Structures are given as structure tokens and as C-alpha cells.
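Below you will find one chain, with nothing else, as C-alpha cells; this is the form predicted alone, and questions on how it binds or moves follow later.
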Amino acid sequence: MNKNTFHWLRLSLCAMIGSAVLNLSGCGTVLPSSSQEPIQRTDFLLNTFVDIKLYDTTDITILDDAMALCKDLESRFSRTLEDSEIYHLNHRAPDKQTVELSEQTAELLSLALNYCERSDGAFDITIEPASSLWDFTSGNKVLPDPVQLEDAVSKIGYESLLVEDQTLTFLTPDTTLDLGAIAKGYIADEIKELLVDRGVKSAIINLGGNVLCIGSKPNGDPFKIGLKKPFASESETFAIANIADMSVVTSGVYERYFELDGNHYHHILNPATGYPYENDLLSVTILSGSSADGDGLSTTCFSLGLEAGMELINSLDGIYGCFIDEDYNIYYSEGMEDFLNEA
């Protein structure tokens, strides 16, 4: 790759910020926003901590409704909750090809399939036969059986899905879904829509590091979001993003992983092999208006690798990216640095 094509720099070994950082797992840490105390709710949903802050209202019922919406959408999109819509799709009868979807599930599937097509299958929501064989959360550090994984890979292929309006057709009987790479972003967008409909003009939605801002601070300044250094503590950031009415989402090899026999195994799986991607990248961060786009693009661009991922981001209006490679070099897309301050 011609490195002159991209602006790059090496991360400093120690990036320090003030002690009043909100520590939530994920890509971004939300820095103090103003002297005005927001109303706030934090719940454990989506297998992470969901935190919502509202700066221009004292109506607690808005927070109640936002969390209820988050819980409802989780109950639709989770592949592990046995009452979820996705769980029922994945455990359908062998002869059942056509299924009627809820409006939101149909919308999310259509959006996700768009990224499957853009990436030519490098991002694939039918990864479930392989992803279900991996366990990145229990601490057991066990590799899938190679024979089982090879069989799982043979069942992967987004081309086997057809969504028309609210009807989903499975073209092969073994196709199953995992929306984990894009569902949080979609849910954040839905929560934003609810808050805006209720008159909120200044807020931060943080779904375990998927950060979506509504408007700006009450004084008109942008919100400050710390971009986390891979494998560092939550307080170590390499840059501060100044954003208003935008989303910050990161996909990285340090989010869910384990080490075994000197090898690093992370949760971003290659649909062609069933094993984690090996492309010299540590993380991809996306700034965008839509959190679903940020979620889909961060995984898509990581899957495509630095050159193809950067080319994709630079082809899109109003979307910006930051890639970090295994040597901790940072590569910015066109216009990304306009939003950043050094940490």
C-alpha cells in the first residue's frame, strides 16, 4: 500500500485525560459535557451497560420509555433469548421458507443486507453457524472443533436471504442469523427517534461504547467523545472527537477475545473461514449521522482491511473513519481529523 495516500501517525505511549471520564466498555468514553447536571439512567441490556443522559429536560418518564424501547428491541433481535424474533427464525421448522417479520426486524435486515452486498460478503449476517461455535465471554478459551467449523462455514451466505417488504424468504434450509454486528447501532437510532419525538434536543445515548449524540451541549458546544487506545485502560485515549448530532462506533480486536497458545482470537469472524480476521488491523472507528451505519461500516471496513475499507469510507458523503493497525499507526479518512483534538 502506498502510505502517502493516507495521513498517518504513531500513537503516543501514554495518552492521558482527566479523571472524570465515564467508564463504559466499548470504543468511546464520554467526557464531561457541561456544568448542568443531566438526568440519567443506566441499565444492563444488550449484554452491556446502556447509559442515556438527557440535558434539556427533567422528565424521567422519557428515560423510562427509552429503556423500555431498548429492552423491546433486544427481545426482537437477540439470537440467544429464546423468545426473540431472531431466535424463532433460527429455530424454524426445516420446511418453513417464508416468514412474516415485524416492521423493525424487516428494516434492520434490509439495512444489514445492504452492508453484506457492499462488502461482497466480508460482512455477513448469516455468520451464525460459525459464531455460535465460539465463546468469547465465559473465559473458557476453547477453539471450535475444526470439522464442525468447516461444516458451519458451508452454511454461510447472505445470498440465501430475500427480504421483500416484511416478508423474509430463506432460500436454503440451514441459513441462520446473527445481527450482533449492526443491531446496537439500529437500536441507538430508534432510541434517538423516540427522544427527538419527545422534544429532547441535547442528549447522549451510549450502548456500551456505541455513542450517539442528539444535538450538542446545552451551551451549543459539541460533545467530546474520547477515542480509546486499543488494549489500553478505559481512560487512555488517542484523540478526542468533537461531535454534534453524530454517532461514534468502533469495531476492534480488543473488545471480545481470548489468548490461547500465544495466539489472539477475537470476535470479528471471517465468513470464508469461520476464524477471526487476520488483516493487521486493531480497530476501525466510524463517525456518521446514523449509528446503524456506523455499526455496519465499522465491521464492514474492518473486514475489508485498510485499503479497501478506506476506499469505501472516502466514497461516502458525511461519513468519516479512523483505522489503527497492529503497529499502532493511525490512518484517517478524508475530513476525519477536522473533528479531532489530540488526547
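Predicted, not measured: the structure shown is a model, and the values here were computed from it. Heads up: residue numbers just count along the shown sequence, starting at 1.
The same protein also has a form predicted in complex with adenosine-5'-diphosphate (ADP), omitted here; what follows describes it.
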Applying a 4.5 Å heavy atom distance criterion, does S303 contact adenosine-5'-diphosphate (ADP) in the model of the complex? yes
Is the gap between Y277 and adenosine-5'-diphosphate (ADP) in the model of the complex 4.5 Å or less for some heavy atom pair? yes
Check K224 for me: does it contact adenosine-5'-diphosphate (ADP) in the model of the complex (non-hydrogen atoms, 4.5 angstroms)? no
Within 4.5 Å, heavy atoms only: does S290 come near adenosine-5'-diphosphate (ADP) in the model of the complex? no
Of the candidate stretches 102-110, 215-223, 265-273, 138-146, the one with residues having heavy atoms within 4.5 Å of adenosine-5'-diphosphate (ADP) in the model of the complex is 265-273
Identify, from the list A122, V200, I205, A152, the residue with a heavy atom within 4.5 Å of adenosine-5'-diphosphate (ADP) in the model of the complex. A122
Interface residues of 275-299 toward adenosine-5'-diphosphate (ADP), as seen in the model of the complex [heavy atoms, 4.5 Å]: Y277, D295, T299
